[in-house]
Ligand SMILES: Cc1cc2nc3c(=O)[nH]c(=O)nc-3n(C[C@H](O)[C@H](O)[C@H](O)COP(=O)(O)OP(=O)(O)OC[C@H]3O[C@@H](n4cnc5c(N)ncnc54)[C@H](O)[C@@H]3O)c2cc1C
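So this first bit is one chain, no partners, the form predicted alone, shown in structure tokens.
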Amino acid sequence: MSVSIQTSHLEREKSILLTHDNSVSHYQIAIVGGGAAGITTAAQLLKQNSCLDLAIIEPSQKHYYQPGWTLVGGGIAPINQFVREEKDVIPKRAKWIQDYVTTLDPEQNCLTLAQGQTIAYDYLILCPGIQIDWHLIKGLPESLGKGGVTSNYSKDYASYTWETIKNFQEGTAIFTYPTTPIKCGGAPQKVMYMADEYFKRGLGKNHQVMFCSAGTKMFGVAAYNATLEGVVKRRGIITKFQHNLKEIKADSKEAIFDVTTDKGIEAVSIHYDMIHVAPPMSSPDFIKQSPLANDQGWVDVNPYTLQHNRYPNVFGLGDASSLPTSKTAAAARKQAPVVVQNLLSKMNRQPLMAQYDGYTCCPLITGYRSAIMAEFDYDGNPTPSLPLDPTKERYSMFLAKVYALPWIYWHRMLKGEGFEADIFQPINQLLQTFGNDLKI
């Protein structure tokens, strides 16, 4: 469908003036971030109107399917299965600017790049992803990737996670969760369940798996939390809540936690033989230091329209946004069409009618043949895509996580296509034929 865009006299004048300044480039739409959110949004915009003058600012040469890193850490797939060249996923009608953003100036409708170029825009979409703050845990940066210290939150260490699990002989394996929001909040548990199952195959009971979380429960949505509490109980995993990792002492293999007690915060040391760290995370520094951030440093957007709360020509989605929901690729998939429709409405001076309800999805792997497809909205209500109890562990959901979702990401989502029919319609047909008792 083609969408006509009105351009004001002021915008046309600005565009003409900017063409005379070689240090400044002007685009109708600038998208900061070429990850899942940025590519999906760009692809959908250009499907609506192929004449849009659109640039994607993304420094990375490679594009990773980051949900796949859990599968790498669990020994299910190699890392090269989840990487493509960035140039191959950028929509053909979009301009790729391979650089870092250093400053944002929404008052002047422009931003500055690391190489000194200024990008002026009529409309801005912010989806630069999340920043991993390894340095906030003392001793972690220099310990990672050796001595049993690992993390699936980096492509550089996901393979080492599997190496560590395979070589684990006995002792204590710790899996942590921080105080900050993180991308894919279920990831620390997924690798833990796979590790525990692998250990039990070869080590019997000669190991101890421990989940040390800064939170107070396994999962933020009550319906799924109840199931996961059952999983850790069944597996005999030790849970320690209100334990926030602050330091790694690699020489003595100690993990130092700030533990919240009735008496305040106390430092507690726990020995590890292996530790998988979910590090603190935040929005990128150039977001935190800009007028576009809220008090917590996230892109300050309306939770329903995804329009910026102070700058109406700015929209935000994905991990760097202030949206009060889990930071997952599945969330970005549902946010992208809202941004697209509302941005086009804004450009045509029409009301912003598209609404995001907070939908996200976390495929929680609970073993090598089981997963929970945890789908929910802002209110914590389960929102299953299938007429099945979404809180139950299923082999079919494990297969969806391992095989279906990566294919859909590369061949549907990044190309601006919907994918519900691809994965769910055949299963729905089976359910209609055999009834909801079908074990899938």
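Note that this is a predicted model, so its numbers are computed, not measured. From 1 onward, residues are counted along the sequence shown.
Same protein, other form: the form predicted in complex with the ligand, not shown, and the subject of what follows.
In the predicted bound form, no residue of the candidate spot (Ile29, Tyr121 and Val340) has a heavy atom lying within 4.5 Å of the ligand.
For the residues Ala330, Ala94, Val221, Ile79, the 4.5 Å heavy atom test against the ligand in the predicted bound form is passed only by Ala330.
When the ligand is considered in the predicted bound form, only one residue from Asn152, Ser283, Gln189, Thr164 comes within 4.5 Å through any heavy atom, namely Asn152.
Annotated contact segment (heavy atom within 4.5 Å of the ligand in the predicted bound form): 179-187, selected among 179-187, 207-215, 238-246, 290-298. Gly318 belongs to the set of residues with a heavy atom inside 4.5 Å of the ligand in the predicted bound form. At least one heavy atom of Ala36 is located within 4.5 Å of the ligand in the predicted bound form. At the 4.5 Å threshold, heavy atoms of Asp99 reach the ligand in the predicted bound form. A residue is said to contact a partner when one of its heavy atoms sits within 4.5 Å of a partner heavy atom; Cys361 meets this definition for the ligand in the predicted bound form. With contact defined as any non-hydrogen atom lying within 4.5 angstroms of the ligand in the predicted bound form, the stretch 231-263 contains no contacting residue.
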